[in-house]
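To begin, one chain is listed below as structure tokens, in the form predicted alone.
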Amino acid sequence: MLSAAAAGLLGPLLYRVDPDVTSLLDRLRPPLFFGGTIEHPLGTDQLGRDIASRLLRGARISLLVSLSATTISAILGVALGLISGYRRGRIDDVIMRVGDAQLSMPFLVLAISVVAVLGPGLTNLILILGVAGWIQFARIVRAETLTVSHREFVEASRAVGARDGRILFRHVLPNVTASIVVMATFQFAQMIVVESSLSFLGLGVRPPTASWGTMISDGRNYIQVAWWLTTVPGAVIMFVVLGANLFGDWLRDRLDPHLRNLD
């Protein structure tokens, strides 16, 4: 995951090939190890655009969308989860019922429905994914808050007259941060898949802007004669998502005291 972020940030500075330049004389060139040339190490697409440069540009877009959407989801979900778990009662019931209603519809289907109404585009995509992903954070933070809010140090703060806001941000939030960080890594991986799926369907990033999903969509009609058009960006998505999930598992093992004591 970190290598993908570095490639997205530094790759275009080191690999100075314009991803939008077309050359029909160079169209459908195979990757270097399959008879291609060093000028296009990962081959070219149906318009002669360099696959490697488009992957690097697409990394910026996909990672920007995923990171921004995850941040928005975390802010909304953590805030609502803290309120729900700490206040309980009717507020808790309303927040959780809204979340249950949202969870009743698959995440990708919900995102497709909203994007179809509001229209594609980078800003709309980030906002839609960010708002749609809050419930995962809220449920985890709520569960942790229900436990932490009954501990002795919280009761002691209430006894000395501490306000609810101070208790939440000074005592409760630091004790649920580990779960938030771990959840964010898994949410980040999910956002990459959803963004790529929406872009593949034409509801995400608009062409000619390079995106991993649009690259797969553009190459699906040439899969029998130019397999690299879909295989290369598909493999990149697979490895980035796998890396994010493995990183999340590692963080969970390191941050969870119960798992750490088993080592």
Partner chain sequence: MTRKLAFRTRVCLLLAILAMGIAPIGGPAPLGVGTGRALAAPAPVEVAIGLTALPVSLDPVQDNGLTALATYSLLYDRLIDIDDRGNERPSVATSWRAVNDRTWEFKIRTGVRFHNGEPLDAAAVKFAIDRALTAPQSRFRTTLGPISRVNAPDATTVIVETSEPFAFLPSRLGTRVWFYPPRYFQERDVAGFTAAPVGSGPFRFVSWQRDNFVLLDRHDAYWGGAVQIARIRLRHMPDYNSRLTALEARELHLGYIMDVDDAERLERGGFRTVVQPIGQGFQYFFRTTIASPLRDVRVRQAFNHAVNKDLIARVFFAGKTRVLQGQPVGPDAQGFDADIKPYAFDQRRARQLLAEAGHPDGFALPMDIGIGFAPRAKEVAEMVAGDLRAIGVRTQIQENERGVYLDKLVNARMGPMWELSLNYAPSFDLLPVLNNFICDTLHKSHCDPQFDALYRRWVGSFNEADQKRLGNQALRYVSQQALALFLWQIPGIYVTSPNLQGVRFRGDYTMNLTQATVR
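We call the rigid core the largest set of C-alpha positions that still match within 1.5 Å between the two forms. Quantities reported herein were computed from a predicted structural model and do not represent experimental measurements. Positions refer to the first chain, counted from 1.
Just so it is clear, the following notes concern the form predicted together with the partner chain, a form of the same protein that is not shown.
- The partner chain in the predicted complex comes within 4.5 Å of a heavy atom belonging to Pro208.
- By the criterion of a heavy atom within 4.5 Å, Thr37 is excluded from the residues contacting the partner chain in the predicted complex.
- In the predicted complex, none of the heavy atoms of Arg60 sits within 4.5 Å of a heavy atom of the partner chain.
- The partner chain in the predicted complex is not approached by Ile167, whose heavy atoms all lie more than 4.5 angstroms from it.
- This chain is drawn without the partner chain; in the predicted complex, the residue among Val131, Ile112, Ala79, Ala162 with a heavy atom within 4.5 Å of it is Ile112.
- Along 222 to 245, these residues reach a heavy atom to within 4.5 Å of the partner chain in the predicted complex: Tyr222, Ile223, Gln224, Val225, Trp227, Thr231, Ala235, Met238, Phe239, Leu242.
- With the core held fixed, Ala69 shows a CA shift below 2 Å between this form and the one not shown.
- Compared with the form shown, the Asp249-Pro174 C-alpha separation decreases in the predicted complex, the change being 3 Å or greater.
- Relative to this conformation, a decrease of 3 Å or more in the Cα-Cα distance between Val181 and Asp249 is found in the predicted complex.
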